[in-house]
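First, one chain by itself in C-alpha cells, the form predicted alone.
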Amino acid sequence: MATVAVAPGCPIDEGFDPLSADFLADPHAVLAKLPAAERPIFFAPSIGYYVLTRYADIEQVFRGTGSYSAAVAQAPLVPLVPQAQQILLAGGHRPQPSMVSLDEPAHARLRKPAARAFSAKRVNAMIPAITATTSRLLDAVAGQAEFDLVAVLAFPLPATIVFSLMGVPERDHAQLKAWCGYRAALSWGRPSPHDQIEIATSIAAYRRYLRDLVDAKGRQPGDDLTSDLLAIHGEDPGRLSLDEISSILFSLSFAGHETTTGLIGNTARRLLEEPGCWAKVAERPDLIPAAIEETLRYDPSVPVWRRITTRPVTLSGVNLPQGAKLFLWLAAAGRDPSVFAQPDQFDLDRAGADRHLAFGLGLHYCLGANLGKLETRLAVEELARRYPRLRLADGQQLSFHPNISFRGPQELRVRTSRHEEPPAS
C-alpha cells in the first residue's frame, strides 16, 4: 500500500487491522484495548484509513454531504490486479456503479425510483410471504434436536424475499446468493491476486445476469420491482436508463439480504447468550422490536462504512486534508459511553437504543431498514413461539466472513428440546 502522509497530531496505530483474525473474532475486544490517545480518531496504515470511533464524529460525517463523499463506500480495500479489472469492466462493473457510492444529484436519481420497493404499503404487503417462508424453512427441521440457524433460516429467508421482490426466478436464488458472497470479498475484503480473478469472473456473471433480467422483464413484465422500474423507463427513458435499472438491482440484491442475514443471526445469538433473554422474549414477543434495536446498537450487521473528505475538515481536533479516507466504525459508535449508558451491556430495556447509526443517517440512510427489521422480528417471533427453550449448542466457535463491513455468524448451532414440539399455528 502506498505511503500516506498522516495528518499532524493524529495518532497512528500500526497494529490495527480490521481483517486480522483477532478483529474478525471480536472487534469489540479490540475496541476496548485501544489506548486513550487513539480515541476518538487514529490512522491505520494497514488499510490507509482514518478510523473514527466517536458517535458525534460519525454523525457529523453522515450529515455533512458537502464535505464528505460516498465515493469510497464500496471501493476495494486493496488494488485490483489488471486482469481482474479487465474482467470487471468487460462485465459492466464500473468503479462507482450503485447508489451507496454516489453523491448528489446522481444519488437522488437512483434512490427515488428504488424507494418504491420499500414503501410502507409494499413492505406491509410482504408480511404474509415472510411469515409463510419462515414457517416453511422451520418446518424443514421440525423435530431435530440441533440445527444451524443461519443455514436454516437467517441465510435463505432474506434472500428469498428480496430476490422474489426483484422478480428473480426461484431456481436462480442460490446462484445470486453465492455471487453476493463474492461481492463482499471484492469490495470489503482483502483477496489475493489469484482470488481476485475468480471473484471478478463471478461479479461479471452477476452483472450480466441482472442486465439479462432487465431485458427479460421488458419482454414479459410481472408484479415485481424490476417491472415497476421498467415502467418508469417506459414513461421517460431519459429519467431512468436500462443500465441504471440494472445498477439499482445490483445494490438491492446485495444490501437487501446480506445485512438482514447478519441481523437475524446477531439478534438470535445475543438473545441466546444473555441469561434469561430468550425466555423473556418468548413470553413477551412485544419485546422483540426492542431486542432488534439493541442488537443494532450492540452488535450491528454493518459495523463499518466509509467516506472520503472533499475538502479540509476537522474531526476531534485533527485537521484532515481533502482526500482523507474515513473508516466509520459504526459498531464503536454504538458503544460510545457519551451516548449510551453502560454501553458494553446488552439491555433489552434500554431507552434510546434506536439512536444507533447501524443504518446510516441522512441522504444515504438504508432504504431497506424497515424491511430488514420486519423480517428479523417475524423470524425471531416464530423461532421463540416454536422453541421457547431454545439454547446455543455447546462447544461451538463462531466464524465470520473476512470483510470489514458485513458481520454475522456464518454458522449458529442451536439446541432444541426433543419434547418441545412447535405449537399449532
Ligand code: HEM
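Just so it is clear, the model here is predicted, and its values are computed rather than measured. All residue numbers refer to positions in the sequence shown, first residue = 1.
We do not show the form predicted in complex with the ligand, though everything after this point is about it.
Participant: I need to confirm a contact call. Of S246, T259, T160, T309, which residue comes within 4.5 Å of the ligand in the predicted bound form, counting heavy atoms only?
Facilitator: For this set of options, the contacting one is T259.
Participant: Which residue among I47, L371, A384, V51 has a heavy atom within 4.5 angstroms of the ligand in the predicted bound form?
Facilitator: It is L371 that has a heavy atom within 4.5 Å of the partner.
Participant: Could you tell me which of 170 to 178, 193 to 201, 278 to 286, 299 to 307 sits within 4.5 Å of the ligand in the predicted bound form, going by non-hydrogen atoms?
Facilitator: Checking each option against the 4.5 Å cut-off leaves 299 to 307.
Participant: Is the gap between A56 and the ligand in the predicted bound form 4.5 Å or less for some heavy atom pair?
Facilitator: Result no; A56 lies far from the ligand in the predicted bound form.
Participant: Counting only non-hydrogen atoms and a 4.5 angstroms cut-off, does A333 reach the ligand in the predicted bound form?
Facilitator: It does not: once the ligand is placed as it appears in the predicted bound form, A333 has no heavy atom within 4.5 Å of it.
Participant: Is R111 close enough to the ligand in the predicted bound form to count, meaning some heavy atom within 4.5 Å?
Facilitator: Result yes; R111 sits at the interface with the ligand in the predicted bound form.
Participant: Look up in the predicted bound form whether H107 has a non-hydrogen atom within 4.5 angstroms of the ligand, and give yes or no.
Facilitator: Contact check for H107: yes, within 4.5 Å of the ligand in the predicted bound form.
Participant: Going through 48 to 66 from first to last, which residues have a non-hydrogen atom within 4.5 Å of the ligand in the predicted bound form?
Facilitator: If the 4.5 Å heavy-atom criterion is applied to the ligand in the predicted bound form, 48 to 66 yields only F62.
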